[in-house]
Ligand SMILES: NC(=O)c1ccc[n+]([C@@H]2O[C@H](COP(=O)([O-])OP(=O)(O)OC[C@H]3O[C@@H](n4cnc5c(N)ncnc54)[C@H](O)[C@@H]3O)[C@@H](O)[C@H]2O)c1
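The chain below stands alone and is given in structure tokens; this is the form predicted on its own.
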Amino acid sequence: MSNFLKDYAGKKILITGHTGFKGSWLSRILVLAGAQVYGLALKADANSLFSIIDNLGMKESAILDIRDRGEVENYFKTHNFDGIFHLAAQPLVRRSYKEPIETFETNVMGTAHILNAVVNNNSAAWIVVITTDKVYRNVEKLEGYSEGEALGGKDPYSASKAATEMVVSAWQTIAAGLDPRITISSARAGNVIGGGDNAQDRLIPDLIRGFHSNSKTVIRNPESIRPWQHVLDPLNGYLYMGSALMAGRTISPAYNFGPGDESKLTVKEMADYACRQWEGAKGIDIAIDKTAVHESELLWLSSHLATVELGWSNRFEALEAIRWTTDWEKAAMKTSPLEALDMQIDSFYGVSR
């Protein structure tokens, strides 16, 4: 499975949002694969995975706000890349209710700034824009959403990401007219978990904080079903897309990367299982807030297109994803966060260091 990572050796790759959770994992995978990895993002939070590791082995880490069009334009006037993974975003549903304008500025206009600057300056051969499973107009159905279904969003985050997909579509048209050699595609994945995630208002990070503080974790929506997926699985999908583009293959405008049906577990089922993986865990308390902001009860993706066209498949089911996450936390305490990261990447890919 790791053979395709050799395609990245020596390649100059930019990751926007590299200081985030997904961005840190992706940066390290590409560094281990031998790529020259550049990053562009806001300053990392003090307790983030990027901050506690300190040195992922990247070539350059630029601190830049993608909402600033001038800064983005200047950056891409002086930088050229083989490919770009655009992850920079405001990624939290509950935060989007508190900061709706900032969410739209970052997710929609920030993406427009990146794509416009890259296309105008011919700064990369391809761009993979990372959005979310929440781009689909959610009717709470059990079947998975496929790439051609209607987009939409009831909350500011989902709406901003659906709008981001419209930005991607528009710049696909612009790029085709200006320089058809530049390819823009989007990747849609959902509720990822994994070692080093410290985000607020997410189940697994909240549980991990409870484990470390020897306290119970309060859960809001015990019966909601989330698309539980280990972070390495969708990242693997993004990397498959990049590999196909570097090989000159024609790929679809968008791909879903979601977990299998065996991962359709409720919040309570996942929380209970996580607690069983941590010796001394105090467990959970359920506190349903009827005045809480809207969050989807059920949202699932069909990844059939990615399987057929890219050869991608999800490796972990939900319970194994939980085990890998708690194992990472234990390993990080015994060794270091970087060693724990490398150990799991090596196990997943067999990357030689």
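Quick note: we count residues from 1 along the sequence shown, nothing fancier. The structure presented is a predicted model; accordingly, all values stated were derived computationally and were not measured.
In what follows, reference is made to the form predicted in complex with the named molecule, a form of this protein that is not presented.
- Contact check for Asn116: no non-hydrogen atom falls within 4.5 Å of the named molecule in the model of the complex.
- Though the partner is left out of this view, Trp228 does not reach within 4.5 Å of the named molecule in the model of the complex, counting heavy atoms only.
- The closest non-hydrogen atom of Pro91 lies within 4.5 Å of the named molecule in the model of the complex.
- Within 4.5 Å of any heavy atom of the named molecule in the model of the complex lies no heavy atom of Leu298.
- Here the chain stands by itself, but in the model of the complex one stretch of 129-137, 250-258, 278-286, 145-153, 129-137, has heavy atoms within 4.5 Å of the named molecule.
- Interface residue among Val37, Ile66, Ile29, Ala306 relative to the named molecule in the model of the complex, by the heavy atom within 4.5 Å criterion: Ile66.
- Among Ile184, Val167, Ile204, Ala189, the residue placing a heavy atom within 4.5 Å of the named molecule in the model of the complex is Ala189.
- With contact defined as any non-hydrogen atom lying within 4.5 angstroms of the named molecule in the model of the complex, Thr106 is the only contacting residue in 93-116.
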